[in-house]
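The data below hold one chain only, encoded as structure tokens and taken in the form predicted alone.
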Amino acid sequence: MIQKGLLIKRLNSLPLELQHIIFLSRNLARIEKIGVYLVGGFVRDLLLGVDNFDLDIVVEKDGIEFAYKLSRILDGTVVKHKAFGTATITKKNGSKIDIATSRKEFYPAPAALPVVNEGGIEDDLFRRDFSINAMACHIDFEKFGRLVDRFNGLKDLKDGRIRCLHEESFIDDPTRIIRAVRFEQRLGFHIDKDTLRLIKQARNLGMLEKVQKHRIRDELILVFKEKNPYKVLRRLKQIYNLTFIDRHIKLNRDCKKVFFNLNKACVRFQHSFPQRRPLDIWLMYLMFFLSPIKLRFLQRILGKYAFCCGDTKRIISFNKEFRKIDKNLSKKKLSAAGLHSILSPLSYEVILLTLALSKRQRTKQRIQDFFVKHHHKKLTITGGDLLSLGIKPGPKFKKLFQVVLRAKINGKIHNREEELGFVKKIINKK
């Protein structure tokens, strides 16, 4: 009952928005006369005292129907996944709540997607990856705050142990190997001896190589979203290998240093420019991780894993352009406008990775100058101003804007009045 008191205390310390959702779920479950639980990583982090605001709710009935009823109370929208008995509620502020029917699974073949049937809460917990993620917390009225811990997850949490639930765990779902390492490194835990033995057996059978590529891609993205992805990659290489991703994949010996420098550059950037869009830091780690690979092999890898178009473009852009950008930025003579023309077409991710990776001090200084002095500079004149000066729309517009912007970046003009005057001078010369 100590855990019940602890869980109630932790539940009552959550942000008010989350408490509100939990209490509404409790009230709805009482009306529907069904069991309702918080489950998985949310409960694990609640016990650890770690912030986790991604609610994961399981109900012992139709989870999709429950999600629709709860969404009407919350004035949200629902996306359902009928095959798995799950649904996601999205509130107007963008926050999400995952709702699932308690279910049991069986795997028709090794590394295949599971077949799902309805089951009780213990069935639902047994299908999970590790004991520390196989706990649930009652949120119905009668048992509110009571822990469901059929597989001794609380003890493993106290002992700092990652332990799978059964002998076939990594045969059924080999991606659990990646997750085992990710949780081990994130939490500072150790993989249980028997669990490590089962991972090595799965390695000898080449189980990760048999998984659908998009599932490996999704797990790798989560690895690169970790606070310290290098530690995860190093440990994964140690207990399995990295060639399951592709035979050209290696862990660069400079990886640790570059990841550290990259993290430092991103923190500095976000502190200095909080108004800019958030960085995709995970993608920058991935860019560097893949950077030693020749372009033709890289394109094949990205196609094989079906990375989204925008991410693929940025990865290839860095692979193709890094050396050229680094060389051009290190030239002795480079105007402010020249610097702007090199860097402005590139994504923040490509620019900051160049900053972290370059060994040329001039390159580093010029990238910093670009962000501090030049990146924010924009013209105040518009197409309407050019029309009022008698200039007909067409290619001239774009060329004039480019010329005026270069002059402004180089410090020759500074405000709207000077911009207009500069345009008039160009027109009069013609």
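Just so it is clear, the structure is predicted and the values come from calculations on it, not from any experiment. From 1 onward, residues are counted along the sequence shown.
FYI, the form predicted in complex with cytidine-5'-triphosphate (CTP) isn't displayed, but the following is about it.
**Student:** Any idea which of 348 to 356, 244 to 252, 150 to 158, 182 to 190 reaches within 4.5 Å of cytidine-5'-triphosphate (CTP) in the model of the complex, heavy atoms considered?
**Tutor:** Among the listed stretches, the partner-contacting one is 182 to 190.
**Student:** Name the single residue among 314, 138, 163, 128 that comes within 4.5 Å of cytidine-5'-triphosphate (CTP) in the model of the complex, judging by heavy atoms.
**Tutor:** Looking at the other structure, the residue within range turns out to be 128.
**Student:** Taking heavy atoms and a 4.5 Å cut-off, does residue 133 contact cytidine-5'-triphosphate (CTP) in the model of the complex?
**Tutor:** Yes, contact at 4.5 Å.
**Student:** I'd like to check something about residue 175: if you look in the model of the complex, is any of its heavy atoms closer than or equal to 4.5 Å to a heavy atom of cytidine-5'-triphosphate (CTP)?
**Tutor:** Contact check for residue 175: yes, within 4.5 Å of cytidine-5'-triphosphate (CTP) in the model of the complex.
**Student:** Though only this chain appears here, would residue 44 touch cytidine-5'-triphosphate (CTP) in the model of the complex if you measure heavy atom gaps against 4.5 Å?
**Tutor:** Yes, residue 44 is a contact residue.
**Student:** Taking 4.5 angstroms as the cut-off for heavy atoms, does residue 40 touch cytidine-5'-triphosphate (CTP) in the model of the complex?
**Tutor:** Yes.
**Student:** From first to last in sequence, which residues of 54 to 75 have any non-hydrogen atom within 4.5 angstroms of cytidine-5'-triphosphate (CTP) in the model of the complex?
**Tutor:** Only 56 sits within 4.5 Å of the partner.
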